[in-house]
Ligand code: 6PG
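What follows is one chain in structure tokens, specifically the form predicted on its own.
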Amino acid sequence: MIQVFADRDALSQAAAELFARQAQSAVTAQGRFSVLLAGGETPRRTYELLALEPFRSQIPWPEVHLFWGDERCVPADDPSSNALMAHRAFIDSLLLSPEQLHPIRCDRMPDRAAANYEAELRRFFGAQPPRFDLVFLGLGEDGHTASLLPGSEALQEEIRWTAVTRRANEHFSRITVTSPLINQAALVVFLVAGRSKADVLQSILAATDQQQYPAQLIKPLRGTLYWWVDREAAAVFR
């Protein structure tokens, strides 16, 4: 489903409302709510709203478990850290226990970090399928999502839930979850904002079976996929 919002603020508000609804529903049904967070700038305002009223009171925070879709392997206090952004945006103002937070710790030894994160995911889901209640994803101008980068071997992964990727021009590696994990989710929502994303968004949504971009790998097996975009990102195909 594709939905176009007037601007980034409207998109962020709708995403926060969705988070609250999904949290309430999941906790009522199964006693906990698991969400995979996106990095980057687009979801930042959504996260800020979650810590404010009315969402702060609507969300059953003690039963919320936060995971990350990807992380740059930099020190924890590096401004480019996805976990740091989320902490500053909303987590630090909430009374969440350490057991509710599942960051990717990968400033050193990326291969081991990827294995450790997969082990944590498997401990959390146990014998059940790894079915996140909600997954937020972003979209890069090159069509990447999470850190599933163009040309990466991670795009071919069919079994493992995590992988190491790296851009040629970056001095750090990245840890990402893989499409086999994301595609188990109950609800996956791409949050896309800005005119710079319009061309790649059009290409992805107009594509048939030919895979050109990593984001095209995201096809929930038994879940729902939303594309929520602001008017600027939708400019080309409107």
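All residue numbers refer to positions in the sequence shown, first residue = 1. The structure presented is a predicted model; accordingly, all values stated were derived computationally and were not measured.
One more form of this protein exists, namely the form predicted in complex with ligand 6PG; it is left out here, but the text below deals with it.
Engineer: Name the stretch: of 181 to 189, 24 to 32, 199 to 207, 38 to 46, exactly one has residues whose heavy atoms fall within 4.5 Å of ligand 6PG in the predicted complex.
Structural biologist: Stretch 38 to 46 is the one.
Engineer: Though ligand 6PG is not shown, can you say which of Pro110, Pro130, Gly140, Pro103 has a heavy atom within 4.5 Å of it in the predicted complex?
Structural biologist: Comparing distances to ligand 6PG in the predicted complex, the residue within 4.5 Å is Gly140.
Engineer: Please determine whether Thr162 contacts ligand 6PG in the predicted complex, using a 4.5 Å cut-off between heavy atoms.
Structural biologist: Close contact is absent here: in the predicted complex, Thr162 is far from ligand 6PG, nothing within 4.5 Å, heavy atoms only.
Engineer: Using a 4.5 angstroms cut-off on non-hydrogen atoms, would Ser152 count as touching ligand 6PG in the predicted complex?
Structural biologist: No, Ser152 stays farther than 4.5 Å from ligand 6PG in the predicted complex.
Engineer: Suppose contact means any heavy atom within 4.5 Å; which members of 144 to 178 contact ligand 6PG in the predicted complex?
Structural biologist: Residues within 4.5 Å: His144, Thr145, Ala146, Ser147, Arg174.
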